[in-house]
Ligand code: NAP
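Shown next as structure tokens: one chain only, the form predicted on its own.
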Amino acid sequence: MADASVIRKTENGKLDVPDTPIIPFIEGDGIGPDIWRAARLVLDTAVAAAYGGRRRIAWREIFAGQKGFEQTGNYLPDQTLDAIRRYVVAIKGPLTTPVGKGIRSVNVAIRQRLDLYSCVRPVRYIPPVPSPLKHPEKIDMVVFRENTEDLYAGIEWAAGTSEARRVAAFLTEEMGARLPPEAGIGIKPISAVNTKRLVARAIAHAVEHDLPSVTLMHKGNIMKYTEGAFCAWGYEVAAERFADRAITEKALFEEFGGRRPQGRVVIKDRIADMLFQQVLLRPEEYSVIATPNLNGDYISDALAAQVGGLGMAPGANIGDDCAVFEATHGTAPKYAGQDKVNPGSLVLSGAMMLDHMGWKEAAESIRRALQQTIEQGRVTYDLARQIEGATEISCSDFARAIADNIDAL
């Protein structure tokens, strides 16, 4: 007999969500427990207020990172991955990754092991959050970052190792490459199949939300057979799967005089370094960005800085079978247990999760209440030091203030 509390995928790829779904959560390391408690309060309040008690989330803790190691001896236990597969939707706090040594990123491992190929990061200004820009309100973009390959595939060998020397010998002696002696070596795979499914998801998002364009971000002028291929395959999948809904930028000007036909999405591409300038100087010209893994890491963090920082930036990792929503910042261990930091990233990622589940009324109430709380000047230290006249409150008090505003709505 099927478990009535489990979210299921239908044949057309939609979610069948029961009124009391089991949602696994990973608290996270460092500040993870603080921001998770805050986010859970906001999510539970929003669901209760939106649906009058008819719906609620049955939370189930699963383990990864330091807590996973303490519980099982493994930073990413197989049972954690199995739970995410079974329950289809999950949410997590930040997890520690050592720099230059030790375990590889648990965050990256979750994405790759579950084939969560699309990292989705919406970036939108929430007034009156302080911003370094004169007009941050012009920024309203969604970054679709390929999650499973590129340099983040982790195919690399340390300088001076026998493995690195073997690879170097093959590259120099068999392939005619020139390498400096005793170099560390990394491999950058980019494939048609992974590129096309990522770009297709980005275009489908633009079509569904009636957004004007999808921009393919790449460095194909230099890396012609990886990032250049990403660009070419992106145009190919647009033509193959969205011929009646998408047009190229070239066709826009040659056939339509530069005026976008109603209901059509413009597919264009920009060199990566140029796009970093464009999102500063003309952000209103970009709505959806699709890009390989490393570029996506850079551009999503840069855009977050333009609207107030990673503390207010949500994110999701989505595949064909399951999805994990997450805080996009780090673990900030020096603030662990102090009930101090801004939980906004995880709160907004939770709202994305509710949208994904089709519980859009609850999701929208969170975004409205969060903005209202900031406008009231009741904010955590990171915002209080930048907003004149604001009152600094704790992480938990910020969550309670958002919850109070949800109830008032």
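Residue numbers here begin at 1 and follow the sequence given. Values in this document were obtained by computation on a predicted structure and should not be read as measured data.
As for the form predicted in complex with the ligand, it is not shown, yet the points below apply to it.
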Please pick, from Ile31, Leu348, Ala46, Ala64, the one residue with any non-hydrogen atom lying within 4.5 angstroms of the ligand in the predicted complex. Ile31
Of the residues Lys334, Arg259, His209, Arg282, which one places a heavy atom within 4.5 Å of the ligand in the predicted complex? Lys334
Contact between Pro94 and the ligand in the predicted complex at 4.5 Å, heavy atoms? yes
Residue-level question: is Arg385 within 4.5 Å of the ligand in the predicted complex, judged on heavy atoms? yes
I'd like to check something about Thr373: if you look in the predicted complex, is any of its heavy atoms closer than or equal to 4.5 Å to a heavy atom of the ligand? no
Considering non-hydrogen atoms and a 4.5 Å limit, does the ligand approach Leu354 in the predicted complex? no
Choose from 219-227, 73-81, 335-343, 159-167 the stretch whose residues reach within 4.5 Å of the ligand in the predicted complex, heavy atoms counted. 335-343
Within 4.5 Å of the ligand in the predicted complex, do we find a heavy atom from each of Glu326, Gly330 and Tyr381? yes
